[in-house]
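Next up is one chain by itself, shown in structure tokens, the form predicted on its own.
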Amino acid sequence: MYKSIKLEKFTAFEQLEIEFSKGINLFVGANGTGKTHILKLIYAASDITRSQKSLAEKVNKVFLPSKDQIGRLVKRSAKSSKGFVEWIREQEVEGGTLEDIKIRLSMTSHTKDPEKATLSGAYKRWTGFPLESVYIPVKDMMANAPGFRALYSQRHIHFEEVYPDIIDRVFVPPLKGQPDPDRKRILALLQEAMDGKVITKNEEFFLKNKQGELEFTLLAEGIRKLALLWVLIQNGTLLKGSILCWDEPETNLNPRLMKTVISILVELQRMGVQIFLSTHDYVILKEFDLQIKEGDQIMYHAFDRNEECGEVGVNSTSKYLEISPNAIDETFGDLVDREIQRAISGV
């Protein structure tokens, strides 16, 4: 479970520190304020505990800077500068006690090779406790899965590594035995919403129901999002102690389905999955506000760029009404005000 992340002179951030909820963490803010970058950093640090890849190399492949030069991730300035990212994670160790594990990745703007970046902290401890993790990008990949992994492994193609990674996750075979009651209930909710189950044939996905088998290329992308969740829960990728990073879940999703998606995410949080989401959608924000109950854990993190100095900051709160700034709510409030004004004026 992640406790915090700290950045200095990294991409959009001059200096930033965020403390996380053990449950749901929802990132809101204008475009260009670095929400997706935080998701990618959390995912990269999680993935290396399973893949045992170099952290610097994983960060490089997830961000994909020009010419693979990791130093380009350091915030630009007139002269050479140094940046770092620091992750702190709470881990249950022998005897049931909790231990904070910290790692830090440092680099300068002139660092070209990821191997030249500096790694410090309890790296062996960090990778000694594997984390199941998944990053769901904005673009759907299940319909494009056939042959993609082979192409990515054999050719230089310009895709951030989150794309082949999500395909790897969906091809993990199902867990043996019957699902526990919590997983069974969530899987049933998803099956009802998408009207079927997911099957795989020769790296191609199909939705199977009473009408037959429908290939994913013919499915609405919103249904594919539900199907992706179904697969990741069924195969055990999303279980207690796992990490879910999801960039803009509202993309191509009918608002009618958002209630179902949010209810699934709330249930996953109750199962012990730590969730990180970025969104620009009012319905998602409001669904969380309506569905969260006492005992659930959620933090809203509002990113904002200071107009005077250009630096990005963040305000965190556990209460929906205290999100500040909240451009999403303000925009929808403005729409309502304009509608009322038009009705009054009779125009």
Partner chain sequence: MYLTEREFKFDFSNAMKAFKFDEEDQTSPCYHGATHCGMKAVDFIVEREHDWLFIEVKDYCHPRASVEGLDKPKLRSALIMKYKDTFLYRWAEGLIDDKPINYVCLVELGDDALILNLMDDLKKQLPIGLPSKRWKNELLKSVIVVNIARWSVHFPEYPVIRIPSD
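Residue numbers count along the first chain shown, from 1. Just so it is clear, the structure is predicted and the values come from calculations on it, not from any experiment.
There is another form of the same protein, the form predicted in complex with the partner chain; it is not shown, and what comes next is about it.
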For this session: Choose one stretch from 64 to 72, 318 to 326, 292 to 300, 39 to 47: the one whose residues place a heavy atom within 4.5 angstroms of the partner chain in the predicted bound form.
Result: 318 to 326
Exercise. According to a 4.5 angstroms non-hydrogen atom cut-off, is Lys286 in contact with the partner chain in the predicted bound form?
Worked result: yes
For this session: Using the arrangement in the predicted bound form, list in sequence order the residues of 326 to 340 with any heavy atom within 4.5 angstroms of the partner chain.
Result: Asp329, Phe332, Gly333, Leu335, Val336, Asp337, Glu339, Ile340
